[in-house]
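Just one chain is shown here, as structure tokens, and it is the form predicted alone.
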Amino acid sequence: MAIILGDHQYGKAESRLVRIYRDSPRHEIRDLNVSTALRGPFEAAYLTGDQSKVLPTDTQKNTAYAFAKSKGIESIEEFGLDLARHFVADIDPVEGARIEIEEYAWERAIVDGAEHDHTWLRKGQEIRTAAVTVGASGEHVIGGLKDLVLLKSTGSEFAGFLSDEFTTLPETHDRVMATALDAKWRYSSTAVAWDEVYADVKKLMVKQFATLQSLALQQTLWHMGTAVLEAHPEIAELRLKAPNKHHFAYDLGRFGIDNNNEVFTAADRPYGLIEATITRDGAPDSGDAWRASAGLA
């Protein structure tokens, strides 16, 4: 029986990189977590420990910091493309590169009623993500966000479901619906206004969550995805993951107090986990777009 080495890659995960633009009195900040992975004929490193074709992971880290200065960070998608293209085009024998980036948002401090030029507060909303792959199957960009916490106090139902001898959940036509959305979308092009599209995709998904009279979280995900694909022809598919953050009306009746869906216990686990892939008919092949490295984006 033969034993063979399968798919492999190596890189530097989670390099924390902060780029501050100081070329005017009003500074700008980009706060990233960058992971790199290289793919190619690196079998000898695994099988015999031969490092002659291995670009050190420390070098990959240094390249990210150097590019933050020399290339700048207009968007995390473009920054990822710059890094991946460099590793594939300039480093022999690299055949493919995967760059995964998380971006942490900041907002300007307000001092005496005005935005401060060089002080920020960390924003507590979602983490923006990008995953860039350059290799034999082409150039692929996946935009995304994670931990976008959403809650609406009505406009959600769950009824008519299958039941058996172990079913205890009551039907409801008025419930709190909450989630921490993880969304990733694959672009079919690299000629994209990255920041503008990201902002609009988020806006469209939030609108669907808010306005749809939801019969199930599954239905909400479908409407989120279709709204995005209808508005953005440059997006080929979305992959959505939504934990159902359950809120149960607390039993106050035992104390003689009415609770008309006003006081809840928020259960952090266990939780329902709803996932969906929503794809445009005739979308280009994904190639290696979804082959992860650190798995952070």
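Fair warning: this is a prediction, and the values are worked out from it, not measured in the lab. Counting begins at 1, following the sequence as shown.
Beyond the structure shown, there is the form predicted together with a further copy of the same chain, which is absent from this document and is the topic of what follows.
Of the candidates 199, 121, 136, 89, 121 is the one whose heavy atoms come within 4.5 Å of a further copy of the same chain in the predicted bound form; the others do not. Proximity of residue 191 to a further copy of the same chain in the predicted bound form falls outside the 4.5 Å heavy atom cutoff. Contact annotation for residue 127: none of its heavy atoms lies within 4.5 Å of a further copy of the same chain in the predicted bound form. Shown alone here, residue 195 lies farther than 4.5 Å from a further copy of the same chain in the predicted bound form, counting heavy atoms only. Among heavy atoms of residue 219, some come within 4.5 Å of a further copy of the same chain in the predicted bound form. Annotation for 1 to 39: interface residues with a further copy of the same chain in the predicted bound form are 1, 2, 3, 4, 5, 6, 7, 8, 9, 10, 11, 12, 13, 14, 15, 16, 17, 18, 19, 20, 22, 23, 27, 29, 33 [heavy atom within 4.5 Å].
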